[in-house]
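Next up: a single chain in structure tokens, the form predicted alone.
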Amino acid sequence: MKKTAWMLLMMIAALTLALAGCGTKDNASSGSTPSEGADGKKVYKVGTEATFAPFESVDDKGKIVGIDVDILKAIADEMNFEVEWNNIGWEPVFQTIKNGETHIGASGITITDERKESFDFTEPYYESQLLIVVKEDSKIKSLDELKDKKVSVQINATGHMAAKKLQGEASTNIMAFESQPIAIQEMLNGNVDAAIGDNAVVYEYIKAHPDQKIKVIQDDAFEKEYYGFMVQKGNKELLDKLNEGLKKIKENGKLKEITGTDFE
């Protein structure tokens, strides 16, 4: 009798664990499945950090706008799907793609070998390069001069990587912030000697703040960078869809119209 009861309890426990495992699997997969709009089109969630003008920012009506928004809209139109934008912050863009909460990462994301180990990227759609930003009266002229200086960057962006490459991973002279505008403001406040950031974003900041006395320094030590849209590792269906749409808007001239560049 005891043996029979024991076996019954073991069977119930095993069944409970199996059901729990199935539930976990369903919950994980449901996060990566796109919803369906009223018109029957698939709706993909896009994660972004909308302080990265001109690629994404929030207008006076609270709407996310910018180059990335226009490019994804053009791709979606070509491939018959829709996107839902979510302004979640720079670091969460990566985490939510990884765990399936969002489907597409679009935040002026540079394609790097390190990132490709954890995510898949579309073909590039924009060429960029890092710049150094300093006060107008600064005597700094090159990247090499920043080896022992305090530098501000956007956390885990390529400017952050460049700073760590120059000063070392454990450097206490590197101050990392959630957005590029904050990194530039820290330089203007005198808390650091220079900021490092992507050229298009830096020039857009200067355009929006014409009274601030700053200057930019170009240095050939910075390699060319290429932006791509990011998806969960192994999501070939979505990646192929994005690449096909991107190819179409390159060929029909829409990409050039949006970015204002001849990048192919």
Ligand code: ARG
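What you see is a predicted model; the values in this text were computed from it and never measured. Counting begins at 1, following the sequence as shown.
Below, we refer to the form predicted together with this ligand, which is not included among the displayed structures.
Student: Where does this ligand sit in the model of the complex: which of 136-144, 186-194, 71-79, 106-114, heavy atoms within 4.5 Å?
Tutor: The contacting stretch is 106-114.
Student: Does at least one non-hydrogen atom of Y227 fall within 4.5 angstroms of this ligand in the model of the complex?
Tutor: It does: once this ligand is placed as it appears in the model of the complex, Y227 has a heavy atom within 4.5 Å of it.
Student: Using a 4.5 Å heavy atom cut-off, state whether Q154 contacts this ligand in the model of the complex.
Tutor: Within the cut-off, so yes.
Student: Are any of the heavy atoms in W90 no more than 4.5 Å from a heavy atom of this ligand in the model of the complex?
Tutor: Contact check for W90: yes, within 4.5 Å of this ligand in the model of the complex.
Student: Could you confirm whether T158 comes within 4.5 Å of this ligand in the model of the complex, counting heavy atoms only?
Tutor: Output for T158 is yes: heavy atoms within 4.5 Å of this ligand.
Student: Judged by heavy atom distances of 4.5 Å or less, which residues of 181-211 approach this ligand in the model of the complex?
Tutor: Going through 181-211 in order - heavy atoms within 4.5 Å of this ligand in the model of the complex - there is one hit, D198.
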